[in-house]
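The chain below stands alone and is given as structure tokens, in the form predicted alone.
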Amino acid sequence: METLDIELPRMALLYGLCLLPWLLLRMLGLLLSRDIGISVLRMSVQLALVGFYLKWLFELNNPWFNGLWILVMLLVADFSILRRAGLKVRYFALVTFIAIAFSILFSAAFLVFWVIRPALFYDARYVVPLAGMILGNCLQGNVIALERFYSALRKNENEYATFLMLGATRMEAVRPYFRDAIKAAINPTIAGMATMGLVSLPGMMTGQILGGSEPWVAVKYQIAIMVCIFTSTTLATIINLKLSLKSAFNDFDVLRDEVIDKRS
């Protein structure tokens, strides 16, 4: 049973639905017409291009092109994380890339090689969407962790300095902020897992059911992807924060002011 296609006239009708929130926001005095228009346009163009590319990628199913696409996703995520966290890219780009690349590739490889086991381990229909779903959720966790950690350090510089003067090492002095940042990063995933199936049907499961999969198969895939998302987010945020400390502090354990992007 194939998923029903949405024809172009009905897609146009769907875009018309955006007029309702636009009108309500305008009535509230929120002039967001330009932002809404740009966002909807960018989403449509980007997804259309990705749709064409993925169709070609799935048909070709070449391991080198599959790997290249995942590399592109990792690089885009790297820069997006740092911009949204308000940190200078040139100081943290490498450590953030290492953290997300290791955690994503580890979880995705475990899921594909050991759990799903497709006929071709590099099968684009499994590797690309699964890695993308894990990365998308991991991205948000890293933004929260970095933003929370460095905002807390800047806000509590005197407290941090006091810990250092009392003989604490850099890691001991930042530990309270480190723990709070990690907790904030993984809390949405934990809450999502705790309420999944009761509050909402998750996207991957819904997509598989619409695609004709048996509900129980969709459930197993959803559980698998959530476990991988939780693992990747936890690994990436811990590694990212830990590695970022060397770039963020000078030789005297003082937070370097130039690593913060003042434009954010």
Partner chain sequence: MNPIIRFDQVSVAVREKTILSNISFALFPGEKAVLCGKSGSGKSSVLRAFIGLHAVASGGVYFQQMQLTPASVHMIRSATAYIGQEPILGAETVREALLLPFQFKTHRNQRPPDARLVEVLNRLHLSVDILKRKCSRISGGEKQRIALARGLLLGKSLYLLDEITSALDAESKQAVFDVFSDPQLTVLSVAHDTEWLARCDRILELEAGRLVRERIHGNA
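Numbering follows the first chain given and starts at 1. This is a predicted model, so every value here is computed, not measured.
Only in words, not in the display: the form predicted in complex with the partner chain, which the text now covers.
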query: Touches the partner chain in the model of the complex: residue 7 (any heavy atom, 4.5 Å); finding: no
query: Interface membership of residue 186, the partner chain in the model of the complex, 4.5 Å heavy atom rule; finding: no
query: Partner contact for residue 193 in the model of the complex: the partner chain, 4.5 angstroms, heavy atom; finding: no
query: Contact flag, residue 161 vs the partner chain in the model of the complex, heavy atom cut 4.5 Å; finding: yes
query: Segment that reaches the partner chain in the model of the complex - one of 167 to 175, 129 to 137, 109 to 117, 77 to 85, heavy atoms within 4.5 Å; finding: 167 to 175
